[in-house]
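In structure tokens, the next block holds one chain alone, the form predicted alone.
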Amino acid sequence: MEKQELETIIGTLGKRMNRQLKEYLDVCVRCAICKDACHQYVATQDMTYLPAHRAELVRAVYRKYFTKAGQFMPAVYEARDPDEHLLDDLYRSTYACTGCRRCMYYCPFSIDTQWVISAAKAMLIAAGRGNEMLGQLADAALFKGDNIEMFRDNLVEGFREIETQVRDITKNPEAEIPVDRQGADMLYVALAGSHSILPAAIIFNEAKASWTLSMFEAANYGFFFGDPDKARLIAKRFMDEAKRLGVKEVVITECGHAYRVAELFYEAWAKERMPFKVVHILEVIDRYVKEGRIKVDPRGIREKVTYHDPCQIGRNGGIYEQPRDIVKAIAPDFVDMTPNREKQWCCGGGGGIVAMEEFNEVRLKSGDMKVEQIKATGASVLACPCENCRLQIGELNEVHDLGLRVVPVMDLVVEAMGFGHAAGTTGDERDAAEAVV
């Protein structure tokens, strides 16, 4: 490795070396409790995916360049240079991680492996080894933000087509999908593709909500790639839009990481307070159901239904009860998975891993715990409010022949409102949802 490249990698780690990261790197006692908490390790028994091993790769470089003992006696203290072999191992273990943070929940020292992973990705990006696909998707989103006028006419035309569908489904000729509406109460940030716009528009129109649709999608591949600057700029597109329009709430669609980025990270990255609240769409729908602003049939979904807690809105975002209250309000035969809430097993599809074909084998294998959870419920419908989770569980459904209907929560609500499966997600729309531009 050339001296300049080495200095770049070490300098990048040095910039991340705050008190929190140093503590996580220092306090691990290798108890390996995390091995039983990680869905990837439990399913594969491969040390590559052991949370402590992931952190140990960063820790080895930390010891070599940031501790005196590691500098003077590297062999004794297992200190290493970030050579080609270490960087290869770091890439495989780091980009495979879904960021579910279940390991942190069970760690006796609450070591946040995801915080260490963020430093690892920064090192890899500095070495020119960041995941190419995630980087390209992040850059595509930034290009759209910088050239929105190039896309505006096609986007608005697409919104008008969805608006026509909303009117046909609801039999309401005044139903609308407003865009760029100054002074609306809510800015709704959807995913690419009509599947996340159509059901939300039906619900908003039936609730007579004051809302407007964002020109930008919620997905943030800068976050998955591991570049906070790109992640901030991708989120900044709709945050600036919300400020310009003067909304009271930014409503994030059923997307786990997009909600977490907007609600928990953006203000720290931007170093400013936003003049509005960030909420998840299920918080809004729960409010509408409880206030009677939308009418749902309490027996609208007659199959047995279970609910999957996406890691980013559940364990990492604290949203547990609202989706369950919604599902229970429309499905009398509801059964929870075991374990659930903060102990829920990751489905294996987070962290951008569904976009990286090189990890397909471990991704599908790591869903074994989720498959067993689902089977144990006996449910035929899985309510799942996260795009990546639905893509992953949908594939597990096919591979394991589970016979499931994997459905967004808001689609189930639309069904219970009496509009049938009209707002359901088609295969083409799922494909479109993966497109960032």
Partner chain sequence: MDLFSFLVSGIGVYVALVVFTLGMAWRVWQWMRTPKSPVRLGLFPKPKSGLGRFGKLLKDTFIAPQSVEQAAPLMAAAYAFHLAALGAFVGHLRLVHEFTPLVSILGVEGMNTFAAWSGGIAGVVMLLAILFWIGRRTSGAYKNLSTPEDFLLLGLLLGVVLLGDHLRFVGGLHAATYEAWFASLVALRPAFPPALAASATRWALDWHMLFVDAFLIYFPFSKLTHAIGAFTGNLVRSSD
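Quick caveat, the model's predicted, so the values are computed rather than measured. Residue numbers count along the first chain shown, from 1.
Beyond what is shown, the protein has a form predicted in complex with its partner chain; the following relates to that form.
This chain is displayed alone, yet in the predicted bound form one of V179, V335, A268, M274 has a heavy atom within 4.5 Å of its partner chain; that residue is A268. When you look in the predicted bound form, the only residue of A329, I125, A175, C107 with a non-hydrogen atom within 4.5 Å of its partner chain is C107.
Its partner chain is not drawn, but in the predicted bound form it has no heavy atom within 4.5 Å of P298.
Interface membership of K343, defined by any non-hydrogen atom within 4.5 Å of its partner chain in the predicted bound form, is confirmed. When its partner chain is considered in the predicted bound form, G317 lines it closely, a heavy atom lying within 4.5 Å.
The closest non-hydrogen atom of V399 lies beyond 4.5 Å of its partner chain in the predicted bound form.
The three marked residues, K22, E56 and A75, each reach its partner chain in the predicted bound form, with a heavy atom inside 4.5 Å. The partner is not drawn, yet in the predicted bound form one stretch among 205-213, 244-252, 335-343, 85-93 has residues with heavy atoms inside 4.5 Å of its partner chain: 335-343. Although its partner chain is not shown here, in the predicted bound form the stretch 350-389 places no heavy atom of any residue within 4.5 Å of it.
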